[in-house]
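Presented as structure tokens, the chain that follows is alone, the form predicted on its own.
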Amino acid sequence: MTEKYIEACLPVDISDDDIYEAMREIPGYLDITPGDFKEVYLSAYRHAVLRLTRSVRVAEVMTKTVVSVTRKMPINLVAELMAEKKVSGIPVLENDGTVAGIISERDFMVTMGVGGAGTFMEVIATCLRGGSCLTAPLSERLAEDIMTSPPVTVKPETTLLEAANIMATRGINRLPVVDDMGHMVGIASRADVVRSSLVR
């Protein structure tokens, strides 16, 4: 697992006052410095996060009701659906329910000619500067024209540790979860993985 992922799962920054208060609440005498106490606590927390991500399966945290589109859906309708559902990525399915690809906000940016932009406001700024910002031709294109394919998928039995590593390595924020036949049964996002590690 990457250190970046573990750090994302760590609790908020702990101050010296927090440590002193925690030590006062423990009955009896503690022969340990506040610095050592904090180091032990954070180390234990890291181990707990690793243990959970090694034992918890994607099936336990994935979203089972997934908004998806078909290959032949016009991408203006894809964009409207993503906006309506407030999602930044959406799976593209074949007619038989298998996953053909994924469309993310980044795919739209690349298609519009602003693939280097990192945020929506950077896209706006690029367009306003008179840079390449093609929107008119988009309405004539289909989901399959801009989707990222083949998609990176995982099985329900994949551990959170494996899912987190895949997301970090591939630079993606969501993973369609598929059965042995390739049919989508859910989707796991980076937020799902982090949230699960924090609440368990």
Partner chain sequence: MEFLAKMKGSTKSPPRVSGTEVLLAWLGSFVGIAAVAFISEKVVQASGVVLVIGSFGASAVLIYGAIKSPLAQPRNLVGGHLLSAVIGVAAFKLFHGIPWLAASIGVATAIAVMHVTKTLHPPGGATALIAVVGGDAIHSLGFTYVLVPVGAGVAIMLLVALIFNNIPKHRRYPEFWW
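In this text the structure is predicted, and so the values were computed from the model without any measurement. Numbering follows the first chain given and starts at 1. Throughout, rigid core stands for the largest set of C-alpha atoms superposing within 1.5 Å between the two forms.
If you look for the form predicted together with the partner chain, you will not find it shown, but the lines that follow are about it.
Picking from 168 to 176, 152 to 160, 54 to 62, 29 to 37 the stretch near the partner chain in the model of the complex, with a 4.5 Å limit on heavy atoms, gives 29 to 37.
Among heavy atoms of M23, some come within 4.5 Å of the partner chain in the model of the complex. Interface membership of D17, defined by any non-hydrogen atom within 4.5 Å of the partner chain in the model of the complex, is confirmed. The rigid-core alignment places the CA of E21 2 Å or more apart between this form and the one not shown.
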